[in-house]
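Only one chain is given next, in structure tokens, and it is the form predicted on its own.
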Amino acid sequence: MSTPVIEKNQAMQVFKDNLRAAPRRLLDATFRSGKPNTDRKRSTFVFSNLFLHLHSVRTHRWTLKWSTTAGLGIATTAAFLITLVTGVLLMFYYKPYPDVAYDSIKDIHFVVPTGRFIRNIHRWAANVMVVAVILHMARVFYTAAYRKPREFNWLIGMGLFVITLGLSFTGYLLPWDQLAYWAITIGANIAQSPREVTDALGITDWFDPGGFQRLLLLGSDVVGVEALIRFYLLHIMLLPLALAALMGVHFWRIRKDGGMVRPADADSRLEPRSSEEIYPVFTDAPAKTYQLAAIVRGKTSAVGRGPENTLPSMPHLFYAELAVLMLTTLICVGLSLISDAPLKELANPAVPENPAKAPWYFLGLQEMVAFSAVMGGIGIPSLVIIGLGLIPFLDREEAGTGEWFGGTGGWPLVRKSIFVGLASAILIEAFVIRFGWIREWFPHVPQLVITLINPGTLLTLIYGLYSVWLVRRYNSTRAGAMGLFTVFLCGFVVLTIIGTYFRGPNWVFYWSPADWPKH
């Protein structure tokens, strides 16, 4: 009669032992290859991990140098992940309908526990993402990382840049306050700006691309219910999915194109390190030798490259990425503690915001739009995007690939271009602010003249001619591209600063908000 009792006690003991061992077995089930302390286990860890499989098994030491990338690509990704997580949390309380949208934001800001903090992080992470993606594109350009075989990935990166701006722009309307409403109204007017040309030609009644673009953006003639629902859907679903898809392709192409770009003589530039400081190329476990199959032919980036001067991606690259993620999070949290996301009065279509300003990353465009809506908002940006897309296919040189400011001209050319870019933008802006432009001089001049001849097109022409001069001066396409990219970047900075800090009511120039007219 005692046998069943003994078996029952044994079963309970087995159950207790299994319960105690469950955490360890869960860890073993998750990391099946065990602690990655050999090359084989490190490789298996990368191969079998959902996120790390986009990495190559080994990473070149040049790639791990801070000066190579400054971690800008990972910082952009980290900022996106932060906005994604905080955005999901905000969705629990936000109501995407004009009658209640503003009140729901007020509840998040003043009632929901930690709601203001989460909203602040969401807003600052979005701004950090915009800044990081701009700097990342500049890094890729100045190191000539767009060259063969990376042309396609440069185009994918441009798509990511455009979607990033779209995400920030669509999220701007959701608070439904005065700031958001009139900023989106400005965007809608820019979308409608082709009417500036079609009206002048008298063909708007049967050919109205501006009206179509406005309708496509807002879903209506005004910023209302349809616009808010449309922007909400774009912001929380369509654009994030598109961004995530392109990011996956972008990361995958980095690996398939041979990893981060580096100079041809990168190995000789690296300081030698002792075998105790790094993992050896091949370890004793397991033993491995080259066979005839290791002799390959082909055009991929891996052909002709050995494992010398490389380190296992796990842990070296993985830890570096974690460090950038933590630093980005720290920056977003720190900014969130010292600056709240703006929230003005409830949107009121009958009371225009003056000055009504777009988000800061569009203020450079708004400054040009003040001269000509169609050229400043559509024409010149389209030329810039097309030019950026053509760069990898026009610059077929090889010298300087992987080096900062590599290629003909180098840093002295960039330094000269910074001066030209800043001086040209400042001088043109100063002239227009002091003396006005054609419309002030000749009030009855045809609109087409204002469209084609304005400070924005003049500045673009100066930059274009400067680039052509550089190509002839240095006999190098890379020199012209480097100069053109630099001057446009400087022009963007100047116009953004003027639009942000020096434009007041009615878009008049003031040295300080204290000089604005009092009501």
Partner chain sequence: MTVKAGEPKSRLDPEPIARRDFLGMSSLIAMAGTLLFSVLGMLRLPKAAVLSSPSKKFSVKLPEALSAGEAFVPPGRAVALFRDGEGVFAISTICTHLGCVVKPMPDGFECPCHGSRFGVDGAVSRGPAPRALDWLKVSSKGDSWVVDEEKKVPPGTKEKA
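Residue numbers count along the first chain shown, from 1. Remember, predicted model here, so these are calculated numbers, not experimental data.
Omitted from view is the form predicted together with the partner chain, to which the following refers.
Q: Contact with the partner chain in the predicted bound form for I338, defined as at least one heavy atom pair within 4.5 Å: yes or no?
A: So I338 does not count as contacting the partner chain.
Q: Considering non-hydrogen atoms and a 4.5 Å limit, does the partner chain approach G387 in the predicted bound form?
A: Close contact is absent here: in the predicted bound form, G387 is far from the partner chain, nothing within 4.5 Å, heavy atoms only.
Q: Indicate whether the partner chain has at least one heavy atom within 4.5 Å of a heavy atom of L215 in the predicted bound form.
A: So L215 counts as contacting the partner chain.
Q: Answer with yes or no whether I391 is in contact with the partner chain in the predicted bound form, where contact means some heavy atom within 4.5 Å.
A: Answer no; every heavy atom of I391 is more than 4.5 Å from the partner chain in the predicted bound form.
Q: Please state whether every one of the three residues K65, A75 and A132 places a non-hydrogen atom within 4.5 angstroms of the partner chain in the predicted bound form.
A: No residue of the spot touches the partner chain in the predicted bound form.
Q: Among 406-414, 253-261, 224-232, 146-154, which stretch sits within 4.5 Å of the partner chain in the predicted bound form, heavy atoms only?
A: Residues of 224-232 come within 4.5 Å of the partner.
Q: With the partner chain left out of view, which of W182, F141, F169, F318 would have a heavy atom within 4.5 Å of it in the predicted bound form?
A: None of the other options qualify; the answer is W182.
Q: By the heavy atom within 4.5 Å rule, which residue out of P113, G334, G202, P349 makes contact with the partner chain in the predicted bound form?
A: Contact with the partner chain in the predicted bound form is made by P349 alone.
Q: Going through 179-195, which residues have a heavy atom within 4.5 Å of the partner chain in the predicted bound form? Please give them in sequence order.
A: W182, T185, I186, N189, I190, in sequence order.
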